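Read the single chain below, which is given as structure tokens and is the form predicted on its own.
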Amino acid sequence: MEQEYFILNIRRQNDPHSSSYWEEFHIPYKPNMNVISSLMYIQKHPVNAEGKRVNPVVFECNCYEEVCGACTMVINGRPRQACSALIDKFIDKEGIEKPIIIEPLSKFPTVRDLMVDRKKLFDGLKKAKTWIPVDGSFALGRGPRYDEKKRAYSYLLSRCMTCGCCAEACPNFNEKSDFIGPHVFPQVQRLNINPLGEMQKDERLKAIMAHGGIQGCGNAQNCAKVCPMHIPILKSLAELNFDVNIYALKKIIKW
């Protein structure tokens, strides 16, 4: 029986300063393959569709179970995790003869091939002060009770893995904009409803009201459509919009 192959068409780039180019690979088909296993096959057999030996494709991966966010890339025009992108789904929909198009995230500097520098995501979290300051490493005893509804909501918000899918899909997050990104707001809201984190609520609201903050959101809602963890981004945005308006009114009245 003749071996079946599927095609990967990959946008490659040798270093941050060089131009990108396309390279095609033919991968032997096996059931239940994902994009990561296909890229691993290229690492072991770095031969392109023309039969020429090339450098292996560089990419990132870690957990292999859609938890770390490291393997995020654009697959057939949609940002997603390569570990959960099953080849069978692409073949069923598009036919085995059509190539699967793989590109690096376009909103971040390319390091090499499919590896990008996602530092801007973490800079946004720092700017919004998405942490709870703890004074010392000693035991502080039992914390305050957490309302069950808030706890359940907080858990949904906490599932963010900073993968960059929402930022890639967001039209307001780009190199020409200072927008901190949609991934920041669920984490701000998660900490603002936390019994300990709410003590710094005003600081976070002030941070996201600054240049590049919540006012930079154009409400395209692409972020919610591509989030692999189905985080209620739009709900947290709506709540924070209300909170920043109340905060601003209080400041005006006091002034």
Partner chain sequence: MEKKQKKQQNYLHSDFYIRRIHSLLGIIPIGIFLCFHLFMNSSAIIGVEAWAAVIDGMRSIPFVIVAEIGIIAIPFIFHIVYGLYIVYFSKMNMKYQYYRNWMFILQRITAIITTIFVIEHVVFVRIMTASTMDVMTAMAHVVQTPLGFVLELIGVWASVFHFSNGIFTFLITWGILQGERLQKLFSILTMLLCAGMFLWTLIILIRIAMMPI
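In this text the structure is predicted, and so the values were computed from the model without any measurement. Positions refer to the first chain, counted from 1.
Keep in mind that the form predicted together with its partner chain is not shown, yet the notes after this line are about it.
K.L.:
Pick the stretch from 29-37, 62-70, 211-219, 48-56 whose residues have a heavy atom within 4.5 Å of its partner chain in the model of the complex.
P.N.:
Looking at the partner contacts, the answer comes out as 211-219.
K.L.:
What I'd like checked is whether Asn172, Lys176 and Glu239 together line its partner chain in the model of the complex, meaning each has a non-hydrogen atom within 4.5 Å of it.
P.N.:
Checking in the model of the complex: Asn172, Lys176 and Glu239 are all within 4.5 Å of its partner chain.
K.L.:
Going by a heavy atom distance of 4.5 Å, is Ile7 a contact of its partner chain in the model of the complex?
P.N.:
Residue-level check for Ile7: no, no contact with its partner chain.
K.L.:
Is Met115 part of the interface with its partner chain in the model of the complex - any heavy atom within 4.5 Å?
P.N.:
Taking the distances in the model of the complex, the answer for Met115 is no, it never comes within 4.5 Å of its partner chain.
K.L.:
With a cut-off of 4.5 Å between heavy atoms, is Asn14 one of the residues that contacts its partner chain in the model of the complex?
P.N.:
Residue-level check for Asn14: no, no contact with its partner chain.
K.L.:
Whether Val74 contacts its partner chain in the model of the complex should be assessed with a 4.5 Å heavy atom distance threshold; does it?
P.N.:
Contact check for Val74: yes, within 4.5 Å of its partner chain in the model of the complex.
K.L.:
Quick one: of Lys89, Lys150, Arg78, Lys126, which gets a non-hydrogen atom within 4.5 angstroms of its partner chain in the model of the complex?
P.N.:
For this set of options, the contacting one is Arg78.
K.L.:
Going through 223-245, which residues have a heavy atom within 4.5 Å of its partner chain in the model of the complex? Please give them in sequence order.
P.N.:
Contacts from 223-245: Lys225, Val226, Leu234, Lys235, Ala238, Glu239, Asn241, Phe242, Val244, Asn245.
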